[in-house]
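As a starting point, one isolated chain is supplied in structure tokens, in the form predicted on its own.
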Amino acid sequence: MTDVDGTLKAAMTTIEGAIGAALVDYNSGMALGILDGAGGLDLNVAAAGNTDVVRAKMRTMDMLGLKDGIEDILITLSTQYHMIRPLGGRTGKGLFLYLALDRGRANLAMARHQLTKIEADLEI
């Protein structure tokens, strides 16, 4: 089991093309931890903005009567991928992992696979 800092470090070091990672509380929009790489992203702004994305998707699912959970949300930009992964389990409720990737260096399938493994080791 790893803590927040260890989880973010694992995401940045084991996922090819990672340029920023954060653990975010989507009830408050606050980042519980951030680790910035060469991407130059303001991860506090990203945390707050992506909180709106998660809330909107959850509201939409509720209005549609969907009882399924969100595995991840992917935002594809011309030079980057932004992955949002709401955490499951009783300790992860209300939290999501955010990962920004350099699209030219990242393998999206492998990044999703690695993030799933990293999430499983997270202890809050």
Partner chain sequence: MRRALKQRAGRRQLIALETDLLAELRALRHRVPHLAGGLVASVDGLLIAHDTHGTEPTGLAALTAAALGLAQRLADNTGQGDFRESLVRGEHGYVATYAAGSACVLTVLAHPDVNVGRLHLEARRSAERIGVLLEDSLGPKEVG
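All values derive from a computational prediction rather than experimental measurement. Positions refer to the first chain, counted from 1.
The form predicted together with its partner chain is left out here; the points below concern that form.
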Interface segment, criterion being heavy atoms within 4.5 Å of its partner chain in the predicted complex, picked from 20-28, 5-13, 112-120, 99-107 = 20-28
Heavy atom of Asp52 within 4.5 Å of its partner chain in the predicted complex = yes
is_contact(Val45, its partner chain) in the predicted complex, heavy atom dist at most 4.5 Å | yes
Residues in 60-79 that come within 4.5 Å of its partner chain in the predicted complex by at least one heavy atom, in order, are none
